[in-house]
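Given next, in structure tokens, is a single chain: the form predicted on its own.
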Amino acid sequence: MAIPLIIDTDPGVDDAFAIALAARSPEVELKGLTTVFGNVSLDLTTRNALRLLAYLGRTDVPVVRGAEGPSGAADVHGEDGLGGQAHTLPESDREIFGDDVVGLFRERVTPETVVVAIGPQTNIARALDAGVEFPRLIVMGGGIGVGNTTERAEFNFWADPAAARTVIRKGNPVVVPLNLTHRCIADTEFLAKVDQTLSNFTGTYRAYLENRSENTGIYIHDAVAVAEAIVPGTLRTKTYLLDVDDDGALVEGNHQVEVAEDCDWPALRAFMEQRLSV
């Protein structure tokens, strides 16, 4: 039986890869996308979600508009969130499913459902505070002693530290941190093998990283997290005692958190290349 999957997302270049990976994987039944502010504004993340699903032929998947907040990564993902290439996707005349994210979770989360949160944690925290229970929650966020927005804070946790703290304390998540995703690089060879439309989103992101390192590809943080939902056990985990501070950094704490520490990247890379090619 296919695994029911809901993705909470702020598309975003690596979000686009993650959504495509889920949409093209028969192991999962994609039950919905919930959008959140983050890489760009909520209006753009919602529009990008609708257009990505139209491109992927998945207009059956409902999109629910979630929490608003400040956007902060246009220098990485482009002003439109997709490297200036959102216009290459088909326009979607589909209406969103509404703006009641908590209601969608209440309606669609069953004991078999996996929720993967790959943006700021605001929607997930609101659902937890409203009493929603997530049987399996996978979160792309945080870093153990490493950050990408400040020295110690990763963007998704930094964007709403209070929400990230709620998720760590209440959500029993599997956290997929920068420590792992920084080892999962979609290099130029990878990008040459996958769907050209997806690859074309990466120009701004690649330029951003090239100006700061010798990396000639992109980090596909979010697709790594979604891969664990598609094939459980893809990532190897270890339990830590953690919390989130007021700056959005993962710190030592009193809450048991399962943290993804390793994977067979060559095998995962091959899996992604196969699923993301056309």
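The shown structure was predicted, so the numbers you read here are calculated from the model rather than taken from an experiment. Each residue number is its position in the shown sequence, starting from 1.
Not pictured, yet referred to below: the form predicted in complex with ligand RIB.
Would D160 sit within 4.5 Å of ligand RIB in the model of the complex, counting heavy atoms only? So D160 does not count as contacting ligand RIB.
Though only this chain appears here, would F155 touch ligand RIB in the model of the complex if you measure heavy atom gaps against 4.5 Å? Within the cut-off, so yes.
Classify M140 as contacting or not contacting ligand RIB in the model of the complex by the rule of any non-hydrogen atom within 4.5 angstroms, answering yes or no. So M140 counts as contacting ligand RIB.
State yes or no: in the model of the complex, is some non-hydrogen atom of R47 no more than 4.5 angstroms from a non-hydrogen atom of ligand RIB? No, R47 is distant from the partner.
Only one of 230 to 238, 249 to 257, 216 to 224, 62 to 70 gets a heavy atom within 4.5 Å of ligand RIB in the model of the complex; which is it? It is the stretch 216 to 224.
Select from the listed residues Q85, S199, N148, N172 the one whose heavy atoms reach within 4.5 Å of ligand RIB in the model of the complex. Going through each option in turn, the one that passes is N148.
Only counting heavy atoms and a 4.5 Å limit, does any residue of 29 to 46 reach ligand RIB in the model of the complex, and if so which ones? Residue within 4.5 Å: N39 only.
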